[in-house]
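Taking the form predicted alone, here's one chain by itself in structure tokens.
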Amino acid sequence: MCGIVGLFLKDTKLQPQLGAMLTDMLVTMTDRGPDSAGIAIYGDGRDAGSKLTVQSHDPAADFADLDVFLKDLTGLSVSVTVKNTHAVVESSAQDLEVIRTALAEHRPSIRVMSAGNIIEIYKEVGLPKDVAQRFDVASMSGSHGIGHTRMATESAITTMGAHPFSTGSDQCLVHNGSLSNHNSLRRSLKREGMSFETENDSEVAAAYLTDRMNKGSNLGEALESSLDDLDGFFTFVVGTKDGFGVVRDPIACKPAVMAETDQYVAFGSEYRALVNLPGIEDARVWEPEPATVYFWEH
């Protein structure tokens, strides 16, 4: 049992409130998963450079003068903004992979949470309220985002095992359920060149969608394919740079509810996650159908 929330804003006037609304939604789901929590925020700076969101168990040591270290090592222009145990490393899009490689080789204790133009992922072991406060998520603005509070069932309770999982540029996934064929899928995806940080089945689901999109599918098409290729019980909420998608397996035993107004589309594992959203009393509210893809795009 885990708790999932998601919010896709149609009305740009709500963007400064995205972090606050997502935080409230996720905290409401705390009793569905006390082990770890995380939130992905898709910012509104679409013309900016690229960035890595990274994490360290020893941020005082790993993040001290990290910008200077990376500039000296790569000769590239880099900025670093530290946020508790995470930091956002920004550079130009063409230099991002060089910086990521440099971190892997010279600062392996720093782990990448997400990469892309607008995505930032913050996740840690702990309750949603505490995780959100550590990173001041409520002050963040953006166009859409997803969150997750985890009850671990098949892998370790660690920061890397927390959701969201990001396996592609500006892509991430949160999952409630369990996959039965994740080991065979992991082997197949490794042969395709995908790499994995954990043994978590949800990371396999994220990598599967990334692989499909790398091969030309859009998010909606990738989610359609997942219904044929993934075995088990699952509710996925997925984000891309411009999109927001939801799918449940054909049995759909994991709870889910959605709401849509002229201002937003929202998802929650339970309706109580949505009750404080503006205009919810006038929203179209429904339970997502089994084996049906729901997909919105800016």
Partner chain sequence: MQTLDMSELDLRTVNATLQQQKADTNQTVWEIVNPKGSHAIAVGLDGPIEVAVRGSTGYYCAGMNKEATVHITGSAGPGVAENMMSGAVIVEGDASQYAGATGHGGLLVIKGNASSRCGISMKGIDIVVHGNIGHMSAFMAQSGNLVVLGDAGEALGDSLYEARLFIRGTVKSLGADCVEKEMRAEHLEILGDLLERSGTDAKPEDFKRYGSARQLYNFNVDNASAY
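Bear in mind the structure is a predicted one, so any value in this text is a computation, not a measurement. Positions refer to the first chain, counted from 1.
From this point on, the text means the form predicted together with its partner chain, which you will not see here.
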Query raised in the report: Which one, 55-63, 236-244, 36-44, 267-275, holds residues whose non-hydrogen atoms are within 4.5 Å of its partner chain in the predicted bound form?
Result: 267-275
Query - 4.5 Å heavy atom contact, A20 to its partner chain in the predicted bound form - result: no
Query raised in the report: Can any non-hydrogen atom of G49 be found within 4.5 angstroms of its partner chain in the predicted bound form?
Result: no
Query raised in the report: Could you tell me if A252 has a non-hydrogen atom within 4.5 Å of its partner chain in the predicted bound form?
Result: yes
**Report entry** L14 within 4.5 Å of its partner chain in the predicted bound form, heavy atoms
**Finding:** no
Report task. Go through 274-290 residue by residue and record those having a heavy atom within 4.5 Å of its partner chain in the predicted bound form; state none if no residue qualifies. Result -> V275, N276, V285, E287, P290
